[in-house]
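Below you'll find only one chain, the form predicted on its own, shown as structure tokens.
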Amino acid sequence: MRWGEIIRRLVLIPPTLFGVCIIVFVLLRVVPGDPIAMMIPPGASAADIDRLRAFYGLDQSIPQQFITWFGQALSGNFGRSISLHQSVFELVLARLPATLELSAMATLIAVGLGTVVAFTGVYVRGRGAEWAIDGGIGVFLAIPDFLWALILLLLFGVLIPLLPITGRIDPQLDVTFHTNFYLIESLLTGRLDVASALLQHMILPAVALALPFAALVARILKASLSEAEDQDYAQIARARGFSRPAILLREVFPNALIPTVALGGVQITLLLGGTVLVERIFSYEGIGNMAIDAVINRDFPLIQGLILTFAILFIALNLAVDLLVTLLDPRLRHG
């Protein structure tokens, strides 16, 4: 992708987000369900219900509600949560770092595991072990992340209770954080005991998210490595006496990396979306878990803020992947 194309995509971000806002706002208000009816106490009078509707702006028409909400959103005010009675912006800002750290950990695990499996599969190419690796990749691809979460929960929470299966950090730990990026802050400040506790809570949901992604990385990278190894430059390097591992690492891998990043990078957005169910299963305190509570409680302002946050993350990740592919491929960089 040329740099002009990247600039064009940057220009399209605001109208894309505006379209997302309209679709989500309208859909939330036309589907059945009344958030006010879920929060009023028994015996509330009609006047009390009308006051609540007026307080949250639900007594206006949908176009009027959208104009009011969008005008406030432009100034950073995304409304007040109906169920939690707090600012939506502050709620999302408090939970977003947990999801970002979890997604980053899952991505690192997936890339590392997928790369090892891909190189192993290429190295045993043409042998019986390759069939076993390809079969294993297919199995891991077929099992979704939430099912992996349930399997890991049963395995390490019931059968072999080695790791914590709920929460983000041990409640008995007496520690004060200055930011909501707990893991990064604990590592930067040298509090390795806190970092260890955070990692123990994070490892199971991260692995559940990583396993399907790792299988996809392994399949794409293995196919790219196999194709690149058959090219003339690899054959010339072999004729000059280079060992096969050296050829795979120095000659084949840089060329096979480009399609892997291009195709596998899209999976990162799916991994981020998968945090919704995985965080719920492990009671992990991220925006994915919060999103399910918001939907259950019909919390319109919070749902709108969370979906807009996910939309921004998806756009940013796709753009980052495109930039990385452009930097890796000199044909696109100088095209």
Partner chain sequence: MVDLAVSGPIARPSQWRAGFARGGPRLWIGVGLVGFFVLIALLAPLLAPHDPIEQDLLSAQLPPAWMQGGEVTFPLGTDSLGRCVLSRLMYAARTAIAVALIAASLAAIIGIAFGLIAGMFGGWIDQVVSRLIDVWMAFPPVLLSIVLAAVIGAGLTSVIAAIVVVDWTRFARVVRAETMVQLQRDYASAARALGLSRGQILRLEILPNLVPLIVTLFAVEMGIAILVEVILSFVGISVAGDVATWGGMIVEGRQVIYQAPWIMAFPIGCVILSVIGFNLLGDGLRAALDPVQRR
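Everything numeric in this text was worked out from a predicted model, so none of it was measured. Residue numbers count along the first chain shown, from 1.
There is another form of this protein, the form predicted in complex with the partner chain, and it is not shown here; the text below is about that form.
The partner is absent here, but in the model of the complex a heavy atom of V139, alone among L192, V139, L74, L173, sits within 4.5 Å of the partner chain. R219 is the sole member of R219, R80, R168, R95 with a non-hydrogen atom lying within 4.5 angstroms of the partner chain in the model of the complex. Residues placing heavy atoms within 4.5 Å of the partner chain in the model of the complex fall in a single listed stretch, namely 154 to 162, out of 232 to 240, 247 to 255, 113 to 121, 154 to 162. Site residues I23, W131 and F314 are all in contact with the partner chain in the model of the complex, judged by any heavy atom within 4.5 Å. Mapping the unseen interface onto this chain, I184 falls outside it, with no heavy atom inside 4.5 Å of the partner chain in the model of the complex.
In the model of the complex, the partner chain sits beyond 4.5 Å of every heavy atom of G265. Under a 4.5 angstroms non-hydrogen atom cutoff, the partner chain in the model of the complex lacks L108 among its neighbouring residues. In the model of the complex, at least one heavy atom of L12 sits within 4.5 Å of the partner chain. Contacts to the partner chain in the model of the complex (heavy atom within 4.5 Å) from stretch 139 to 153: V139, A142, I143, P144, F146, L147, L150, I151, L153.
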